[in-house]
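Heads up, the chain below is alone and in the form predicted on its own; it's given as structure tokens.
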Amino acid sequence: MTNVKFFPAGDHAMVVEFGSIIAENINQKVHALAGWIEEKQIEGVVELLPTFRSLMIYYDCHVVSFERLKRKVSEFDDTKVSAGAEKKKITKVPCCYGARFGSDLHDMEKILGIDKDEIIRIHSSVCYKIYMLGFLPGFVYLGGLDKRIEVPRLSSPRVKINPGSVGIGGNQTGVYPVASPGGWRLIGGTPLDFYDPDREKPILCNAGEYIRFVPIHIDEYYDIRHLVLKGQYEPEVIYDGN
């Protein structure tokens, strides 16, 4: 591998760092390495945790040493990885913009000098890559936000944000999976549960996948939410690319 750094993280984890900036080509290498390790079933590897620009590899130090694991991981050829070449799994996420869910949408109109319909159109026109999960279980850090709707976080974070709230903070957008404090500006809400501990698959989406927000009216929000609570709703998933 080229220009890659290896760091120990305690006595049972290794960090493989591909770069120092947030970029799609770097993130693609992170997920490609994770997939390669899973395919090779490298002895001693316990868990993989992809982030924006690095991969954390948890391993059993009684089975494999740091140096031995480093040699094995170094066999991965990252020069063959190209961003955008993979087949994309895209989950369509219904989102009710404004209404009772997007309390900051009006202020964003003033800050950006763009009316809310245009903000909604821009925000819902992108397939966002899930660079990583973190902060909260199921919280998606999404890449690809249009610069025209980038806004700074709130100067004073809210004490509580409702689950399903869709927000923008700086150059990122995301969905709050559970009730929590937060400083992102809220533009809407989704009736989907991005995290449900009682579901067979608690996390709705995985890092490396994509989501696309689909505007819905408030009546549709409550119709879908009713089905979600009854376990009778599955979001539409499409595949794009090679």
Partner chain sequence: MMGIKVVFPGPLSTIQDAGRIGFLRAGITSSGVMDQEAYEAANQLVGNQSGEAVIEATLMGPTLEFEEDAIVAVTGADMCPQVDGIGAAMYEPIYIKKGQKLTMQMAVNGCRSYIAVHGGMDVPVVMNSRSTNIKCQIGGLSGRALRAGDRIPVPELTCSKEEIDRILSRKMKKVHYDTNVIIRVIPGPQDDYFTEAGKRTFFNSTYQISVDSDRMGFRLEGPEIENKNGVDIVSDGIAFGAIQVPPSGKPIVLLADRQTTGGYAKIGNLYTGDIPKFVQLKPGDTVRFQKISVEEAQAEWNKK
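All figures in this text were calculated on a predicted structure; none of them were measured in a lab. Numbering follows the first chain given and starts at 1.
Keep in mind that the form predicted together with the partner chain is missing from the display, and what follows is about it.
Next on the checklist: Taking the partner chain as it sits in the model of the complex, is S54 near enough to touch it, meaning that at least one heavy atom pair lies within 4.5 angstroms?
Outcome noted: Yes, contact at 4.5 Å.
Checklist entry - With the cut-off set at 4.5 Å between non-hydrogen atoms, does W36 touch the partner chain in the model of the complex? => result W36: no, not in contact with the partner chain in the model of the complex.
Item to check | Touches the partner chain in the model of the complex: E47 (any heavy atom, 4.5 Å) | outcome: E47: yes, in contact with the partner chain in the model of the complex.
Checklist entry - Would Y239 count as a contact of the partner chain in the model of the complex, using a 4.5 angstroms cut-off between non-hydrogen atoms? => result Y239: no contact with the partner chain in the model of the complex.
Next on the checklist: The chain here is shown without the partner chain. Which stretch in 111 to 119, 128 to 136, 88 to 96, 71 to 79 comes within 4.5 angstroms of it in the model of the complex, by heavy atom distance?
Outcome noted: Stretch with heavy atoms near the partner: 128 to 136.
Checklist entry - Does the trio G143, V228 and G231 actually contact the partner chain in the model of the complex, every residue with a heavy atom within 4.5 Å? => result No residue of the spot touches the partner chain in the model of the complex.
Checklist entry - Even though the chain is shown alone, can you say which residues of 195 to 211 have a heavy atom within 4.5 Å of the partner chain in the model of the complex? => result The stretch touches the partner through Y195, P197, P202, I203.
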